[in-house]
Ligand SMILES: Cc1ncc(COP(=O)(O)O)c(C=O)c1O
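Only one chain comes next, encoded as structure tokens, the form predicted on its own.
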């Protein structure tokens, strides 16, 4: 049985990406790499809708949390973390570990952080220097209204920091037009590559903030990476095979057009939600903020996520993900981002409906 791989990352890889990654090694200090790397960075800027630097590190996407903290703040700096799920909590925890004064704005899991909530939190914490926003909360299948939230933060005068790990490359993201200062993601989700790259779009206000940072840093140093990247090189050994794949994936996306990519993911999300709801499965996320890259729902009462996903794989060949945090044992998440089709997404959702009815009836 061929597997329908539906976890929200790592995602399936296009043949063009797989083929590109088989290229032989080249000197990462030679002219061939320079030409290739400058072109990759140009494509990355186009995909992020920014004229400012997009920098790449060999790392997982989560490394962006630490990189942003040590470059943009000093110990004791007040920041506001907006949290509506597991990954917003993790960003806040990284900042806390490094000694920032972390203020919290929490929305219930399944709900979005709204501009009104954010505005009130900033009025209560006028001294904050930066606000952490999760673009797409993978744990709850909620997409936050980043453009509106960023406008509130900019009016306040703080930096806008966005975790876009499961949003970038699939959901609308206008780095310059929305005034985003730092946006990080990972190669393994909608960018259609293996894990291995942390991708960071860094605006001019963020680069200015680097000068006032109070943390030592070496590997994550924005200025050092920028200086090398402008010359077409990297300060440390690059993840060459993953970069080959990333260049190929970016080429696919730019050829399709980013607006078309975003619209395709809108249709994927709608297909997943429609199939599940028509089958009587109740979705977890607030419909007004439902994600177009991942859809989550609770298992039937008394049925563990492990049992549900085991049946889903055994009977239908669908590989789905479990929940996070308090919903680890009771939520199923189906990914639909990157190299996938509406047919694959509908098939996975229909299989989930069938398993929900089977196990729900058995429990009843």
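Residue numbers count along the first chain shown, from 1. Only a predicted model underlies this, so the values are computations on that prediction, with no experimental measurement involved.
Heads up, the form predicted in complex with the named molecule isn't pictured, but that's what we're talking about next.
- Although the partner is absent from this view, residue 60 contacts the named molecule in the model of the complex, with a non-hydrogen atom inside 4.5 angstroms.
- Proximity of residue 222 to the named molecule in the model of the complex falls outside the 4.5 Å heavy atom cutoff.
- In the model of the complex, residue 138 approaches the named molecule with a heavy atom inside 4.5 Å.
- The named molecule is not drawn, but in the model of the complex it has a heavy atom within 4.5 Å of residue 65.
- Just one of 188, 82, 275, 144 comes within 4.5 Å of the named molecule in the model of the complex, counting any heavy atom, and that one is 188.
- With the partner removed from view, the residue among 170, 200, 165, 131 that has a non-hydrogen atom within 4.5 Å of the named molecule in the model of the complex turns out to be 165.
- The stretch in contact with the named molecule in the model of the complex, judged by heavy atoms within 4.5 Å, is 188-196, chosen from 113-121, 72-80, 202-210, 188-196.
- Heavy atoms closer than or equal to 4.5 Å to the named molecule in the model of the complex belong, across 75-90, to one residue only: 87.
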